[in-house]
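Only one chain comes next, encoded as structure tokens, the form predicted alone.
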């Protein structure tokens, strides 16, 4: 499909279907067309609940900043008409921060916010450096060829966040598998069942069972880890609810590593695709801070969230009626021509870089600083020793319209 031949309706379809996210070039052509011709567009289609698609940075930012007018409850992510109907009748199986609004959101966020303060995250520097050394050694041990996504990117942040939670290393593989099943129930490499909804429910049940048992254990024998903080949390003097407790674990143990691993794999792919930027970063390590944010902008692992209008609201000249949903297309916002100079240029020295990959406002990602630290630690350790790197086969993207990125990245390399 050529850019000229694509219609707004076709672009919308690419935007909201899981299939649309496996072709990065096509997806960005669709998003660019919508930014240009229909930045706030009403979307209807088979199998979905209608919504407004927002593709411009300024409109998404405005919604994020008006959290009383645009709510996360009840529909915080894009689903199917079937899953939306089930949500209305049965409610949430578990409930996490992303599904909450203030004051509930603020009270629950405060349970762990201190853990993610700079002074506390700084205590992890040694552990991150140790894990980065291990990743570097793995690259040497692989002998010049590996799947960077599966062998390095998916492992490093998993080890970090599950160590923070205090989970045993013997459970890391299980948690990786459940995370992939949850975020990509339609992907042939990760789906649990041909019926995506049935597979997702099975995965959520397994997560619920695992973390229910963990909660009971940490309440009986509290330790110094994050799992104990969550298990024994109090909300206004009362124990945190079961659904909220399990939801807290799930968002920490899954989103806490899957988003970062997608950024890491996508970051390596971007450096291979832009060898001049790889050479620039290797020659000037002081650029690592801006490079990390450019990697995050470029990959935008969380592709979307949904909000529901609580009141009639005028947005960009369009009235969003109370009860209508809006789709926040972060990947599109992060390539907005009105905000970023040469948005389709990967620039490790880009500044300013006002990307929305971590969201904005009250729902700004709790683990944003941790993710940046992990990316700096890994690439800061690997890149000085990487003499050359190229593709050793076809890369592939996850078939998921929520949290997604490079799932397969075979590379061939030489080390210094």
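Treat the numbers as computed from the prediction; the structure is a model and nothing was measured. Positions refer to the first chain, counted from 1.
Keep in mind the form predicted together with a small molecule is missing from the figure; the text below concerns it.
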Any non-hydrogen atom of residue 116 within 4.5 angstroms of the small molecule in the model of the complex = yes
Although the small molecule is absent from this view, report whether residue 256 comes within 4.5 Å of it in the model of the complex, heavy atoms only.
-> yes
Flag residue 98 as yes or no: does it have a non-hydrogen atom within 4.5 angstroms of any non-hydrogen atom of the small molecule in the model of the complex?
-> yes
is_contact(residue 335, the small molecule) in the model of the complex, heavy atom dist at most 4.5 Å | no
Only one of 33, 383, 40, 370 comes within 4.5 Å of the small molecule in the model of the complex by heavy atoms, so just point that one out.
-> 370
Have a look at 52, 379, 358, 27 for me and say which one sits with a heavy atom within 4.5 Å of the small molecule in the model of the complex.
-> 358
Only one of 314-322, 132-140, 258-266, 271-279 gets a heavy atom within 4.5 Å of the small molecule in the model of the complex; which is it?
-> 258-266
